[in-house]
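As a starting point, one isolated chain is supplied in structure tokens, in the form predicted on its own.
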């Protein structure tokens, strides 16, 4: 394993709206030997400010990176938007000396300096590169054999490629590979890489729901028993709105939306309670009954 200790950057949404993602991630990472140090003084990654003030976004991201540099640890994020922003700013400032000096002028007021000595990884990248598929397979004590799921990477986990760079945005394989490591089958479906619709909510609620509906219809067509996500906002879009979409468009899905670490944790022998399955709005009872009562192999 390349690194075993990371500074965890939770961002804004996860602690307040998707705590199940944090809870399940902490559980599986601890069991896989990844140590997490807390980052209590972090601020927003800066992404929401970019359309309003690009410089503010740079300052906020650089501040987080500089704080990580002070303790000498790389950053782990669960949010792809946070990962992408911190990766992008890190690369931009290291390549532009005058801009770095300008941003450091602001950081100096807080007693900080950006040097460019740490890197940021999303959970998916860490599992692929630092933990590795073989170690994940070895940690599986209750293989999810017979479970058929679909995956949704989301947009920010893959794009822009020049800043993210660990998978192909047009044909991503990492999440599929990690799903298969649990023993479950990952199904292909139409328009896998399309957006969940969440970014459109502020412009048109109707368009956002239609985009999510299209994805759910395609997932239903292949008879997936669950949809696996790695992004808090994608998870919110599907898990919060699936029942609403069913009522609005007269559809029936019954497709639970699982965080990948929930799926992995179940395969590692953890209980649904440990993995915060109770926080899911779309009931995952059938999956829980299918596997949680099975004895783990020794």
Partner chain sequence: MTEAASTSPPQGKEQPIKASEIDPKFKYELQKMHGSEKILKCFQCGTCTSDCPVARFSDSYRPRTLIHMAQLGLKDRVLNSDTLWLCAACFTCTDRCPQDVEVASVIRVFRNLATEKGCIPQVFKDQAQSLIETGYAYKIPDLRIKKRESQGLPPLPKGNPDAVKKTLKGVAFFDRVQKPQGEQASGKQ
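Residue numbers count along the first chain shown, from 1. No experiment lies behind these values; they were computed from the predicted model shown.
From this point on, the text means the form predicted together with the partner chain, which you will not see here.
Note on contacts: among 117, 145, 204, 173, the single residue with a heavy atom within 4.5 Å of the partner chain in the predicted bound form is 204. Of the residues 200, 74, 217, 185, just one reaches the partner chain in the predicted bound form with a heavy atom at 4.5 Å or closer; this is 200.
Proximity to the partner chain in the predicted bound form holds for none of 122, 189 and 267, with the criterion being a heavy atom within 4.5 Å. Interface residue remark: residue 152 is not counted as part of the site for the partner chain in the predicted bound form, having no heavy atom within 4.5 Å. In the predicted bound form, at least one heavy atom of residue 52 sits within 4.5 Å of the partner chain.
Interface residue remark: residue 133 is not counted as part of the site for the partner chain in the predicted bound form, having no heavy atom within 4.5 Å. The shortest heavy atom separation between residue 42 and the partner chain in the predicted bound form is within 4.5 Å.
Annotated contact segment (heavy atom within 4.5 Å of the partner chain in the predicted bound form): 105-113, selected among 105-113, 137-145, 176-184, 223-231. Contacts of stretch 57-76 with the partner chain in the predicted bound form, defined by any heavy atom lying within 4.5 Å, are made by 59, 60, 63, listed in sequence order.
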